[in-house]
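Only one chain is given next, in structure tokens, and it is the form predicted alone.
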């Protein structure tokens, strides 16, 4: 399943994109407050600023909205990461920049992260597979940065594990915010995670320019 496979009776692709962005924005707020199952399509339509009839011109069922929320999240992550990270640069600075950019993005998308972790199980298997592939793509991007940034080659499998750690640590700022944000600011959380990352990689922070 892909975004383009969510059915719509509207042929104007720009309008479909606009309406679905409105839908996603309204749905994230509702899913965060009430959960996916307790939220009605009528409430989603109202939050998006149009009628229930209009809503069904752009989706087939409520699960389509949840899929669009997850897809929108990963598309935004991909775009922002590609804009802010040079995957081919060979320096520790670039790895640090990648982590900071990713954590900042996760701070901006805390509600989407919470919704995804709570509700992705409600998607069909095909939709879950699609979302999982999006995650793999993001992790692969981090893996490439790690490989290019370190002076020495890591043991087999370690690069993927470290990339997954970074990926989850960024999202953890959102889904564990009720605890973490009592102790850390985004800046101090990011600083400590970077310190622990470089310490584990046996790279001295003092070497950063």
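Please read these numbers as outputs of a predicted model, since none were measured by experiment. Residue numbers count along the first chain shown, from 1.
This protein has a second form, the form predicted in complex with the DNA, left out of what is shown; the following refers to that one.
*Kindly indicate whether 10, 39 and 42 are, all three, within 4.5 angstroms of the DNA in the predicted complex, using heavy atoms.*
Yes: 10, 39 and 42 each sit within 4.5 Å of the DNA in the predicted complex.
*For the chain shown here without its partner, which stretch in 168-176, 138-146, 152-160, 54-62 has non-hydrogen atoms within 4.5 angstroms of the DNA in the predicted complex?*
Of the options, only 54-62 has residues within 4.5 Å of the partner.
*Would you please decide whether residue 196 lies within 4.5 angstroms of the DNA in the predicted complex, comparing each non-hydrogen atom pair?*
Flag for residue 196 set to no.
_Check residue 19 for me: does it contact the DNA in the predicted complex (non-hydrogen atoms, 4.5 angstroms)?_
Taking the distances in the predicted complex, the answer for residue 19 is yes, it comes within 4.5 Å of the DNA.
*Does the 4.5 Å heavy atom contact test between residue 50 and the DNA in the predicted complex come out positive?*
Residue-level check for residue 50: yes, a contact with the DNA.
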